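In structure tokens, the next block holds one chain alone, the form predicted alone.
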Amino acid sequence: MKLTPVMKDFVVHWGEMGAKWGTNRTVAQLQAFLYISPEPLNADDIIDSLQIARSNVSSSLKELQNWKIVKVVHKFGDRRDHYELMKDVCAMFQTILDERKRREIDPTLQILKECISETDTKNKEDRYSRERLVELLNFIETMSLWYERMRKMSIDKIMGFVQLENKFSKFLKGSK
């Protein structure tokens, strides 16, 4: 697939943003490329279009599969694996959030709980640290609970909620 200048700009920008969000630049570029591709692509197509090494394509595809946003599909008459990114933006966003929560938030909650339980309340520094950790734990647990509730809602309801909030914010700004 030949990249147009607009496609190149998008792929490069998404890679830069991915790096700022803590994702490997090439992984993010590959995600962007698959997102704008009208059909599933094989590794050779990706290598030719993005001009990146086969090993980098392979590891990036595995990473996107680990994030559960890329799947392998097969084309009739072609023995090669083809790769397809989730096309539903909301579903992809939710999947990424779910994975980030599982990889980042859940372990942090566990460590906070362990640190709190191990503090020596007779020690002044530990008491202060414990207070700060409890405050952080309560905040993260509250946000996680809110996320779990939002996650159970349909995309339509979430989008309706966001649109309603936008209207409410505009109303409040107008009443000042």
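In this text, all values refer to a predicted model and were calculated from it rather than measured experimentally. Counting begins at 1, following the sequence as shown.
This next part talks about the form predicted together with the DNA, which is not shown.
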Fill in the blank from the handout: in the predicted complex, the residue from 43, 145, 136, 116 with a non-hydrogen atom within 4.5 Å of the DNA is 43
Completion exercise
The one residue among 68, 62, 151, 127 placing a heavy atom within 4.5 Å of the DNA in the predicted complex is 62
Handout entry: in the predicted complex, residue 58 touching the DNA (heavy atom, 4.5 Å)
Key = yes
Problem - Distance check, residue 54 to the DNA in the predicted complex, heavy atom within 4.5 Å - result: yes
Practice task
Consider residue 80 of the chain shown here, and say whether it contacts the DNA in the predicted complex, taking contact as heavy atoms within 4.5 Å.
Solution key: yes
Practice task
May I ask you to state whether residue 26 is within 4.5 Å of the DNA in the predicted complex, using heavy atom distances?
Solution key: yes
Handout entry: in the predicted complex, segment of 128 to 136, 30 to 38, 105 to 113, 43 to 51 with a heavy atom within 4.5 Å of the DNA
Key = 43 to 51
